[in-house]
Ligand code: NAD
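Next up: a single chain in structure tokens, the form predicted alone.
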């Protein structure tokens, strides 16, 4: 590494809408007075000025070895923000508490703020993080847009979107009405589209983000009585792969998880005999706790090189 001062620079943009600042190029002068062409990472662009001191570091890239200028600047880390849908109970509630514990301010979404949700907000604030409740029906795009706009207005950004909201209306297909089919599709699948579509422009402008979609083991094994639910959760998997491919260039990573039996109200509402039979088929011999699923979501929120994946968390129930 060699000490140097920035002489001149140009910020380089790419034209796809919205315009994205990619990197900067410039010329620095080292201690011997030699001029060196350099590349400068995007994160330093707001700090650039002639005379800025720093160091020149040679790095390998797919185009060969390139000199990078690393300026000496005091970087103030931005507060990270996570928006979690269906956050008042179960996996959603466990997720907001886990993300808050690793440094995220939280926007909790649901149709109503339950007592469990209120308690979660108190716990988040006791960790020194901000927490707001944003009411919205994820199946309605206008409500989702209003929700995201409020999160941006009050918390400044959305770094992580967890599409967790979902319902089930289980029936054998012959007994399932068109209304029951459509309701589950609207909430569980269209809701994921609505929320993702609403946050994408903000994530692009801020330079990246993480989207984690909660699918289900039902999407993989075609659970009896869940034609609507399995179809919606299967659609989430395909949707996840498309988003991952389309937006990786903007540093937006999109992954899905497929939980098996989790100790939530949805699972515990199963008839006792069916529930016992299901637990008997889990090699680990028990259901997952919501906190264990939240651990996986938190991992994906922090990953830097995983995208387009569907990660099962079912203790071997579906192998």
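From a predicted model like this one, the values you see are computed outputs, not experimental measurements. Positions refer to the first chain, counted from 1.
This next part talks about the form predicted together with nicotinamide-adenine-dinucleotide, which is not shown.
- Candidate site formed by 159, 194 and 303: none of these residues places a non-hydrogen atom within 4.5 angstroms of nicotinamide-adenine-dinucleotide in the predicted bound form.
- Within 4.5 Å of some heavy atom of nicotinamide-adenine-dinucleotide in the predicted bound form lies at least one heavy atom of residue 229.
- Contact annotation for residue 199: none of its heavy atoms lies within 4.5 Å of nicotinamide-adenine-dinucleotide in the predicted bound form.
- At a distance threshold of 4.5 angstroms between non-hydrogen atoms, residue 89 is in contact with nicotinamide-adenine-dinucleotide in the predicted bound form.
- A residue is said to contact a partner when one of its heavy atoms sits within 4.5 Å of a partner heavy atom; residue 120 fails this definition for nicotinamide-adenine-dinucleotide in the predicted bound form, lying far away.
- Only one segment in the set 244-252, 80-88, 120-128, 149-157 has any non-hydrogen atom within 4.5 angstroms of nicotinamide-adenine-dinucleotide in the predicted bound form, and it is 80-88.
- Note on the partner interface in the predicted bound form: the residue among 189, 106, 138, 212 having a heavy atom within 4.5 angstroms of nicotinamide-adenine-dinucleotide is 138.
- This chain appears without its partner; in the predicted bound form, the one residue of 102, 111, 185, 169 with a heavy atom within 4.5 Å of nicotinamide-adenine-dinucleotide is 111.
- Of all the residues from 256-270, those having a non-hydrogen atom no more than 4.5 Å from nicotinamide-adenine-dinucleotide in the predicted bound form are 259, 260, 261, 262, 264, 265, 266, 267.
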